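Quick heads-up: it's one chain on its own, the form predicted alone, in structure tokens.
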């Protein structure tokens, strides 16, 4: 159940940092990096890895030197075997990839981000609470009579997609399609996909593009109060000072990031929080008896999982970090998941403690100007849903059939399945 963190023997240079088994449970590697070389260049790939919280924050807060312009890496997850057929499918049937928020630097990043920031303001997110409560109860109503569910599939994957679909302005009737497309995006970033899988991913991404291109066209003609209408109609001043409408490729890039940010990471966080509570009954009891601990429990779960476990940066000039020289053009991985277990910041960092005083110091949502744009919404979803989940699913416990298998992914981390039982209503 609980992830066993056994020390890794041997030299760092002999470790394959993209070993799928290691990506499933990277904590022993992270500790070895923190202890031996907080800024470490992997000899096999040349990639620099940053594993201490202070150094991660230093790099993340300096986008001029540590650039987010890593679009090529994002496209193929850092893979060297991205097939031409997949590229041709995207080129001929879809729209080109453009850098907007995640893979752009200021001032370009600032302009795009300002377009969607207002949709996730604290005031607007607070207004979504009744809808989140209603959706949570509706989701639970479908299975509560059975006394069992797959948390990931039946709760965690459903709630964020339904919430972000409403914010975007599309019907949740397309839930299954959204789930397929969101998974395709995350699979694209996995770094473990085969050439054949890349081709299938490209086909799914084209379907996503075609669907939302039609939505944008319709909203442009008949706008409503939603994000897609805003993207379809807003006047945008680009980096050349030209005021224009967003191009379709730009609109799709933003929607793609919102769909993934509003789904996969929140879904993984909800699933992990329930797993941790069941694994630690004394912590479960604290939260059941005192719902005021739920926000801190969520932050502690985010810290331990860190759903966006790593993030790329490209170094724009010769620089130094943590006393290590890094040449211009280097690729760098900010190991957020490692920083969130930094012993110098978090006492007993591998322990799940819902009363931890500094749990919110985590960087699970990133750091600096690229902090997750949907952070307020993700938190509000979990803060709102968990009192309902805990009150309605009484005596939660693991069911048979769990392998607790974290899918290997360079950037993202989480369980895609978690079978539990609870007392029937």
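Numbering follows the first chain given and starts at 1. Being a predicted model, the structure only gives us computed values, none of them experimental.
This next part talks about the form predicted in complex with a small molecule, which is not shown.
**Student:** Only one of 308, 283, 215, 158 has a non-hydrogen atom within 4.5 angstroms of the small molecule in the predicted complex; which is it?
**Tutor:** Selected residue: 308.
**Student:** Given that the small molecule is left out here, which of 359, 384, 68, 49 has a heavy atom within 4.5 Å of it in the predicted complex?
**Tutor:** Only one option qualifies, and that one is 68.
**Student:** So, in the predicted complex, is residue 302 in contact with the small molecule at a 4.5 angstroms heavy atom limit?
**Tutor:** Result yes; residue 302 sits at the interface with the small molecule in the predicted complex.
**Student:** Closest heavy atom of residue 111 to the small molecule in the predicted complex, within 4.5 Å or not?
**Tutor:** So residue 111 does not count as contacting the small molecule.
**Student:** Taking any heavy atom pair closer than or equal to 4.5 Å as contact, tell me whether residue 252 reaches the small molecule in the predicted complex.
**Tutor:** Residue 252: no, not in contact with the small molecule in the predicted complex.
**Student:** Indicate whether the small molecule has at least one heavy atom within 4.5 Å of a heavy atom of residue 365 in the predicted complex.
**Tutor:** Contact check for residue 365: yes, within 4.5 Å of the small molecule in the predicted complex.
**Student:** Check, residue by residue, if 192, 199 and 409 all come within 4.5 Å of the small molecule in the predicted complex, counting heavy atoms only.
**Tutor:** No.
**Student:** Name the stretch, out of 146 to 154, 206 to 214, 177 to 185, 265 to 273, where some heavy atom lies within 4.5 Å of the small molecule in the predicted complex.
**Tutor:** Going by heavy atoms within 4.5 Å, the stretch is 265 to 273.
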